[in-house]
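First, one chain by itself in structure tokens, the form predicted on its own.
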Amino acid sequence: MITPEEHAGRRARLLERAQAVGATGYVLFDPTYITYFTGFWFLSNERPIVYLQSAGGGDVIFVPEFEVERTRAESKFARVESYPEYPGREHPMLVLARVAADLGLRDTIAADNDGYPGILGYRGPALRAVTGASVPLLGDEIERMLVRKSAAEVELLRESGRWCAYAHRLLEQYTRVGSTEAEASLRAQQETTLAMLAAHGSRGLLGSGDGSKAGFRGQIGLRSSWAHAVAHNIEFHAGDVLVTETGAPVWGYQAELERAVIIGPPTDRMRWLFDHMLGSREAALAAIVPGASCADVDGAVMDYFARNDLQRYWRQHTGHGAGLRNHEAPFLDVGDPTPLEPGMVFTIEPGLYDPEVGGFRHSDTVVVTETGYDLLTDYPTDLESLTLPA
């Protein structure tokens, strides 16, 4: 897990950025940001949970009253402040304004957002409206901090990748002609989640239904030619092309592992598409070097498609950042000029999608290193290993 010292270092860097814009402190509303800077886990809903830190280093976690007892039991915050309920007789943002003033946040208050975001029906005044302060936004600065992972973050993603592989093996085991998407998925997910809990404890699971994911998201048969789909509990048949998805939260960090799988002997057309998918994957991996750009990686894939007359099977860019969120910036896309730097983590998932045959996509998670990349998901990629018995 991330140590308290690493969280403290993150907060110190953010406080420096806040002071650089003349702020007396900062306020965080985004739940991912609060977790990133403090290690505090919670379920976000319409009731605001807010973290505040002053220029002097004092801090407060601000929660609804019914969260106080749990917060004190499961965190190390020296100061916990609360409000009765949302929307309540007095709106939580008005209470927050008093807490901020008492902490010394006045005149200029940096924040990730000018108030709590409108999720699950929340409505409320802006931070600047209730405090009278100017509110310079630090969202872009925070996103830049998230981009480069520490050694500890990389190891959590690597551990997630191991559990993704565990889940994928079970998913393949339960994917058989006559069974259904839900049957295979639920069995693989349950067994993996229970194994993770036995090995490591909760590891940052939030709700009762959280845990490993393993399934197909409806990408079964010809539906696999849809780059994204939704589950329909489809029955498996011989000759189906499948695109899998697996994930496993390890203190919130999730690697991504996906594979193109075929039930029964593949046709020549399937082999051709599968082989070219692997070719585009190799082109993407070869382009990952510090100093290259995100656009260069996606461009290498697009060049491979152009050389082999495959553009008509293209649907999506090569990959995206990963970490505490399933999708993070930057993106491996020809429109993203962000330079690659050691510590950046990406999915590599170029695919080919033929509506007459199916979709072919592997997704792996990699970290950029000083000389290239390190693969965080270790799982077979060849067609023979990914052909299931019919």
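As the structure is a computational prediction, the values presented were derived from the model and not from experiment. All residue numbers refer to positions in the sequence shown, first residue = 1.
The form predicted in complex with a further copy of the same chain is left out here; the points below concern that form.
The three marked residues, 227, 325 and 336, each reach a further copy of the same chain in the predicted complex, with a heavy atom inside 4.5 Å. Using a 4.5 angstroms threshold between heavy atoms, residue 107 stays clear of a further copy of the same chain in the predicted complex. Contact check for residue 29: every heavy atom lies farther than 4.5 Å from a further copy of the same chain in the predicted complex. With a 4.5 Å cutoff on heavy atoms, residue 308 does not count as touching a further copy of the same chain in the predicted complex; it lies far away.
Contact check for residue 132: every heavy atom lies farther than 4.5 Å from a further copy of the same chain in the predicted complex.
Among 289, 94, 80, 182, the residue placing a heavy atom within 4.5 Å of a further copy of the same chain in the predicted complex is 182. Proximity to a further copy of the same chain in the predicted complex, defined as a heavy atom within 4.5 Å, holds among 275, 102, 85, 155 only for 85.
Residues placing heavy atoms within 4.5 Å of a further copy of the same chain in the predicted complex fall in a single listed stretch, namely 312 to 320, out of 157 to 165, 312 to 320, 257 to 265, 236 to 244. The partner is not shown here, and in the predicted complex the stretch 367 to 386 never reaches within 4.5 angstroms of a further copy of the same chain through any heavy atom.
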